[in-house]
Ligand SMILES: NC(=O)c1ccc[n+]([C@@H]2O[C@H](COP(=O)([O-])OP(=O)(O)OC[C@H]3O[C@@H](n4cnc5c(N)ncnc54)[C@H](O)[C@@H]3O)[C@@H](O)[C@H]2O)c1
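Listed next as structure tokens is one chain, alone, in the form predicted on its own.
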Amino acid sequence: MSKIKVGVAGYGVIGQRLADGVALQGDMELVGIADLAPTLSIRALKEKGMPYDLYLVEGADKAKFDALNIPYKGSFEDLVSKVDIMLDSSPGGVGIKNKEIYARLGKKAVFQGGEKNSVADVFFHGYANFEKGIDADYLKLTSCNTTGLIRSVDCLDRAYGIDRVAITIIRRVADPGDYHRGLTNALQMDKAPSHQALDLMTIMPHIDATGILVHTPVTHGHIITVVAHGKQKITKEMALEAFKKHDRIRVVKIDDGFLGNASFFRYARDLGNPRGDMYEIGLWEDSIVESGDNIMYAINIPQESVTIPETMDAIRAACGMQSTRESGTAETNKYLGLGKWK
């Protein structure tokens, strides 16, 4: 079977991680990446020897690339014409314009969470609704918070059945290295319900969800607390058993040194993971508590990298590489090394 050919539009925070994720998949080929300007990410790519071919989107100033001796292979349409599917991680609002090119050239595409749901045929999550993405032309991923949240809720739902959840998101304000949010010393409330709760219900319509979001002046990861009500009584032991079986959930303890979001970032760096990335969410065993008929727990969301596995799942579904969630997610997990810590 020939490898599925993949292109990446936008080589920013998510795009560079998507490119790396595709490059790790033994049954996929990364044809190239596309961007507009010689950003720090593109300059770093050049300094690393240009491991990925670069294509320039419309409006790019070729002279700026030439001045820095950054080689490029051709235009954005040249890239799209060579692939089976595009991963679009362009800035919000650009993906919908790119879709016109994908449609004209007859190419499938997967869009990231920043685009409106209407851009795609399927609002997609690898574990919760893999089968709905099979052979679809246009898929859209959930946001980083929603991706990790659904992993944990879907895990309990498949094991025991969940009918409602209430969440609180303690949200990092910007990615590391971002300055556009300014320097703050305050927390900021969003109006309830949070979009993550609404998105969860879109993916998992059988669950009633609501949530509150609080912006915090930190950069290394979000923390979400979840209160879930099961169709049966779910004990701490039952929840822990299910979570430990999941290859994209890393169960940790505070006493082992996982004190908070920064602990995960430091641990990922100590593991030697590129950019300090973690594909899995962290779940504190110490946070799992029973409250009446509810089960409560807390998870850490590594916002820069958590959506990468589900995007690989999306390629597998859209291109018909696997026909079930079990086989599709298992292949992604194998190539990304998920679950190897167990």
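For every residue, the number given is its place in the sequence shown, counted from 1. Because the structure is predicted, anything quoted here is derived from the model rather than measured.
Keep in mind that the form predicted together with this ligand is missing from the display, and what follows is about it.
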### Message
My question is simply whether G21 lines the interface with this ligand in the predicted complex - judged by any non-hydrogen atom within 4.5 Å.
### Response
no
### Query
Does G92 reach this ligand in the predicted complex, with heavy atoms at most 4.5 Å apart?
yes
### Query
So in the predicted complex, does any heavy atom of V13 sit within 4.5 Å of this ligand?
yes
### Query
Heavy atoms within 4.5 Å of this ligand in the predicted complex: does A9 have any?
yes
### Task
Using heavy atoms only and a 4.5 Å cut-off, determine which of L36, I70, L45, A298 is in contact with this ligand in the predicted complex.
L36
### Query
So which of I162, C144, I85, I150 gets a non-hydrogen atom within 4.5 Å of this ligand in the predicted complex?
C144
### Listed range touching this ligand, judged in the predicted complex by heavy atoms within 4.5 Å, from 111 to 119, 244 to 252, 228 to 236, 124 to 132
111 to 119
### Task
Look at the candidate spot formed by N98, R172 and T307 and say whether this ligand comes within 4.5 Å of a heavy atom in all three of them in the predicted complex.
yes
### Query
Judged by heavy atom distances of 4.5 Å or less, which residues of 43 to 79 approach this ligand in the predicted complex?
V57
